[in-house]
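First, one chain by itself: the form predicted alone, in structure tokens.
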């Protein structure tokens, strides 16, 4: 029973982190209709920005968090403005944008490797040594903060998309950018807002990941695979679906290693990804989108 509760808590923690990765990724996909793999690069760049501000420059913790989130949004905005926007002006296909996103991901990870080296970095702020006992399982104060922060952010994000003018404009562009233009919504501006907000969510995920795990330049690819898998499970283009898929992935990984060696955790994610791509490519909550030019 104790093992079951511990794996349940571990799955909840993993799902909370994956949901933040998948949420920003799915938001960008739903509006832009191409897979932004560089989102993983934005996350790891944000982690190193936070590490630089807090551990190297020794700024206050909360100031470092705010600056890291804002700079993450700036990174996303610049990627859109200088990489994707010129391609869109040339009427590039989604396949070209996909290839460009891979190039940006590799570039960002390589730059981090040059600047910081291959050594892992650690950020110590919230005590992580002493755990609290919950029904025989152990959960640390940091992990409680991660779960609560993720839940609060996701609730806020839901109301932002449903109630604010920008959120409604994003949904309009997601449904049909041509019709949105007719009613006075600039698709170009919404694309920029989407990358900025999605990357700010990535910045929040980066902070929580940096506090929970060691960081290294190559983490972006691994995080993007988890975020992409969660989005596919829940349904590409569905932000609630991506969140649902993230928690499902977190539980599947942690309960899977109950029977399998821990080294198979990533393999479980790939198996789920392939199964959904083969048998349910629209995901659990996803919608069928018509091809758009």
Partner chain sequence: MISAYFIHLLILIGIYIILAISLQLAVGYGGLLNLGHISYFGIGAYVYTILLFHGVNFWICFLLAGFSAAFFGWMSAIGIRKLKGDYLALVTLGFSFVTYAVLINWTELTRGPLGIAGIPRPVLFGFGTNENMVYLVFVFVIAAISYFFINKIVSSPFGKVVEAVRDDEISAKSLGKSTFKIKCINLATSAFFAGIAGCLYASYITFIDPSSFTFSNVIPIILIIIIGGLASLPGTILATFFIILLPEPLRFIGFSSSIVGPARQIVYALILLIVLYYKPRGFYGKLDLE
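Because the structure is a prediction, the values reported are computed rather than measured. Residue numbers count along the first chain shown, from 1.
A second form of this protein, the form predicted in complex with its partner chain, is not displayed here; the remarks below concern that form.
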query	finding
Listed range touching its partner chain, judged in the predicted bound form by heavy atoms within 4.5 Å, from 242 to 250, 45 to 53, 223 to 231, 59 to 67	223 to 231
Whether 37, 99 and 107 all lie within 4.5 angstroms of its partner chain in the predicted bound form by heavy atom	yes
Touches its partner chain in the predicted bound form: residue 93 (any heavy atom, 4.5 Å)	yes
Interface membership of residue 258, its partner chain in the predicted bound form, 4.5 Å heavy atom rule	no
Partner contact for residue 136 in the predicted bound form: its partner chain, 4.5 angstroms, heavy atom	no
Partner contact for residue 86 in the predicted bound form: its partner chain, 4.5 angstroms, heavy atom	yes
